[in-house]
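Read the single chain below, which is given as structure tokens and is the form predicted alone.
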């Protein structure tokens, strides 16, 4: 505990009741959580009875690693996981009381979109289905089901969506499947409606720690309350100034409710920042100042004043990109040794703002990566193929079964799949296993049964062939023949409005097949481009390791590259040198007067959105460790036109010294080059 400050020590030592740790940006919240886990164990709480809940797998992995450094092997016994992972465990163990079998399927976003389109008769486009998906997700995050949504509907649009939600719920029940929102809502219902389950989990978990508490939605808060019960031994760690996910259900009401629901709540503020200089923190404190405060706090740093925050006015987005590039080059030229490329981040409000910066970096041959981009293995077409591979490897994989049997569609509708799902649940078997039951014909028409059996036989045949398919060339030929047999290329063209998009997706499929075939053996190029021989494997052996393949898309995470990222994706990260770009009215804060063309109904909605946008600016500022530059453009493209822009109100709210905005990075770079040339000329030749 010797490295903790007084506030951190107070947070760690309070273990016999509810506590709220208000952890300002860079104040060491993960350190507090891991030390508190160690302190709980030291004071007699068994490691297996402690739960630390995070929002991302990455955060959970980091917490587990740091806990291991403090408590060694006992860290493996602590339940450190995401909210959704905890929900999976609870529903796997106790979902039977809700009618779910333990090996229920978890549907991803693409699966949900497909089912919602089916709920509307299959004629709905994907964009509309995704809009429904977001609306249903918002209702689920409030703890609503279709019946509640229908009762609360205020207009025809909401009533129609509630009816779609009702059909969607029926599909999930029939398929023995859940979506990600259910992994929070179902555990909540388990604890709320089944006292024996609630008592079990309250006895199991002696102390619950929740990271990023400000990001919880209404359902997650109810789940937390039910987990901790009247004993209320929990630690909520969060920062109301970093609540930026209101659009996905996160609510500051959860912070407001804590002292009401738990009057004995201990509130501890962590205000010392270990990340940023005083100049950066002063700008951050000034920006967040106008927001109403639930628990007032002011960040401070002992890292020194540091460089002043710079504001740069630019003519256009291209000009802004040039200046951002000049700033990076200046900082590298003025330091010995120069900072690594990965020490620089360019942050913006919306994804489309990255383009001019990508172009500028490419022209200068500077390595970069766009954070938060779609992983190759997250693409729908790759997930389609992986579903088939998973089903060849494991016939009990119901999510893979549902995706494979409907992609491409083969005339097997939801009614048939619903009956199959009910039959499989009743007989405690997988949906694939149910295909060949002698009792199934009594439930289905001959046409439906023939379609299912044909699919089942084709899977068995493909599994056999893949098992005996050895080497690169044989595997590639097998995969291409299989894709032709199921008509997958035509399916892509039929699914997309644009032939260009369909062709790009088909190109991804061919690339993935090549990758799979290479892993089956033969000639393969290593990272240096050198050809090498690999062990010959069957295609089935490669398919059986399909779950490991996604790791190849994460190998570049530590490469030396400038990071381009949205402000939302930057949360939780930090860099020595940060540039906030495109900081204009209408972009940051994002346009507040309308929502997709619809006038806001209530002025309070606009005020709440402005406050969240201000918190987003605050998050961006506090990502910076040593230097921060904020830039805005006088004009920007809107469609084919150029429109005039004004600097964001947040720039004025930073209350910077006016002189900090006058430096031109190009002039500074020229000055550094001139100084270098002068020194070179002054050095005697040898």
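Superpose the two forms; the largest set of C-alphas matching within 1.5 Å is the rigid core. Numbering follows the first chain given and starts at 1. If you're wondering where the values come from, they're calculated on a predicted model, not measured in any experiment.
This next part talks about the form predicted in complex with adenosine-5'-triphosphate (ATP), which is not shown.
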query	finding
Option touching adenosine-5'-triphosphate (ATP), based on a heavy atom within 4.5 Å in the model of the complex, out of 275, 476, 379, 101	275
Partner-contacting position among 574, 585, 158, 496 - heavy atom within 4.5 Å of adenosine-5'-triphosphate (ATP) in the model of the complex	574
Partner proximity in the model of the complex: residue 31 to adenosine-5'-triphosphate (ATP), non-hydrogen atom cutoff 4.5 Å	yes
4.5 Å heavy atom contact, residue 627 and adenosine-5'-triphosphate (ATP) in the model of the complex	no
Heavy atom of residue 12 within 4.5 Å of adenosine-5'-triphosphate (ATP) in the model of the complex	no
Distance check, residue 4 to adenosine-5'-triphosphate (ATP) in the model of the complex, heavy atom within 4.5 Å	yes
Answer range among 38 to 46, 51 to 59, 634 to 642, 23 to 31 for contact with adenosine-5'-triphosphate (ATP), defined in the model of the complex as heavy atoms within 4.5 Å	23 to 31
In the model of the complex: members of 242 to 259 within 4.5 Å of adenosine-5'-triphosphate (ATP), any heavy atom	242
C-alpha of residue 45 off by 2 Å or more between this form and the one not shown on rigid core	no
CA of residue 625, rigid core aligned, shift of 2 Å or more between this form and the one not shown	yes
Large Cα shift (2 Å or above) at residue 281 between this form and the one not shown, core-fitted	yes
